[in-house]
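A lone chain, given as structure tokens: the form predicted alone.
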Amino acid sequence: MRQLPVVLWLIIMLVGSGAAMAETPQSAEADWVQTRADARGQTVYWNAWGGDSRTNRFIEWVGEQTEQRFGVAIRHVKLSDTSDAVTRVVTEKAAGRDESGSVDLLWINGPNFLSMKEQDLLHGPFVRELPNSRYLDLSPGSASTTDFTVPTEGFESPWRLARFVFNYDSARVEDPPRSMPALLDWARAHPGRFTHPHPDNFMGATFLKQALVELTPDPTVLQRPVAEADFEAATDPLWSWYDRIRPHLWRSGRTFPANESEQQQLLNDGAVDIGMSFDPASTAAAIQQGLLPESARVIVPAGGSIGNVSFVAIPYNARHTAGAKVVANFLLSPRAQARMQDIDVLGAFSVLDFDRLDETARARFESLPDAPALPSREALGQTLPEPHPSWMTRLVEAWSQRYTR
């Protein structure tokens, strides 16, 4: 074999050395400096659900901070359904608009993340580029790396925790049920005093998933895409339980509140005694806003409850990718996370791994105000994994076939 010229060997060694340098902390820092420089002056179109005034105000505050600190403004595009923004990206791709898309940053949920990931509609992976990702547990299988059982692989960045909880009026309920079988017994003893949002709504579907996870004989089946062979055996206990509780629901289970807000209104009006939420802090926040009585409290199912992390993602054709990364990084800062967890601001629980915080960062959280209806992180107990997204779709279809015909 003919020997390579010395000059060529030197070139190969230099290239190899450069590749190794690209993985060094110094190089990563330089890359981030460049990202911040590219981002300055950009306006990030953050498409996010706009149905909660406290969340909207927090996003407004984030925009004020990123503009002041990094020269990056935020335009909050308020969505009623995340799929609206996903559809826009799909339409842009079909039209060949592979650059300068209309969505820069997207507050995304599990089913829509899976859909965009499968269609190669996401920018990334980018999470490990964010300096503040050092505060996250990014080990495989952790909550920050899994969305509805789907590995995120760095294509979306976490920003707040979500957990299923019940809420109730302690002035009317002394000993609230803490499991689905106990809820059935309670509903029998208190007919018409409990209901759930319609399963067409996210909250209603989440209630069915919580019941399924508790009642199914083998919850591990729920971690893979649904198969007809598994569906019947997995859901039989759920439908048996639901057949028995349905006659005791509000209005005999013939009509349901459209969403969590309508159910909360029923609880506030005294029409029902128990409600539910996917935000453990929402009850304390609603009390502050006068939307629930001072006696409202939160209860977590004894065996744990399903939970997940809320993520932001960057579409593949975002116009302002650098700005979107700056915003995602700021959302992970202890400053932003502590403000978000402040019950006087938003009350959403932080995604940060507290073992990775220094004393100054921890102090931000330790000084936060408390509230009687705000559970501690310890009181939330075990987090049960969400079923694969395909289970929610199949579950809602089956519920509709069984109970709306």
Partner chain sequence: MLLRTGLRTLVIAVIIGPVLLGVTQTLTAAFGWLPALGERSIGVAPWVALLDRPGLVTSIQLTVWTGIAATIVGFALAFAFVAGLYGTPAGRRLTPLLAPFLATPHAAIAIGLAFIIAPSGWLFRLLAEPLQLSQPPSFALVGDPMGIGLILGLLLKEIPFLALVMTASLGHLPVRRWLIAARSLGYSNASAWLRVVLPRLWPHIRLPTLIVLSYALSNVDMALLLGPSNPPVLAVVVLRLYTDPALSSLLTAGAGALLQAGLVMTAFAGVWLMERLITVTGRIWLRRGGRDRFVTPLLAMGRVGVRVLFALGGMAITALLVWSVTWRWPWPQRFPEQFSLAAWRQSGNDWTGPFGHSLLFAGITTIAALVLAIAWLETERRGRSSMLAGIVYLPLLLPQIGFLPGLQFGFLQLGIDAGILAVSWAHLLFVFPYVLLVLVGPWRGFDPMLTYQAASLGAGPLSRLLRVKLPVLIGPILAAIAIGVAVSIAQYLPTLIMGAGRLSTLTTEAVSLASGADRRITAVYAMLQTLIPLLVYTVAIITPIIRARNRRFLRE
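Numbering follows the first chain given and starts at 1. Values in this document were obtained by computation on a predicted structure and should not be read as measured data.
What follows is about the form predicted together with its partner chain, which we do not show.
Considering its partner chain in the model of the complex, the lone stretch of 275-283, 149-157, 122-130, 192-200 in range is 192-200 [heavy atom distance within 4.5 Å]. When its partner chain is considered in the model of the complex, only one residue from Arg335, Arg178, Arg97, Arg134 comes within 4.5 Å through any heavy atom, namely Arg97. Interface residue among Thr220, Ser240, Ser139, Gln289 relative to its partner chain in the model of the complex, by the heavy atom within 4.5 Å criterion: Gln289. Remark: none of the three candidate residues (Glu228, Arg377 and Trp391) comes within 4.5 Å of its partner chain in the model of the complex, counting heavy atoms only. Shown alone here, Arg88 lies within 4.5 Å of its partner chain in the model of the complex, counting heavy atoms only.
Taking non-hydrogen atoms only, Phe70 never approaches its partner chain to within 4.5 angstroms in the model of the complex. Contact check for Pro293: a heavy atom falls within 4.5 Å of its partner chain in the model of the complex. In the model of the complex, none of the heavy atoms of Phe166 sits within 4.5 Å of a heavy atom of its partner chain. Taking its partner chain as it sits in the model of the complex, the stretch 253-279 comes within 4.5 angstroms of it through a non-hydrogen atom at Arg254, Thr255, Phe256, Asn259, Ser261, Glu262, Gln264, Gln265, Asn268, Asp269, Gly270, Ala271.
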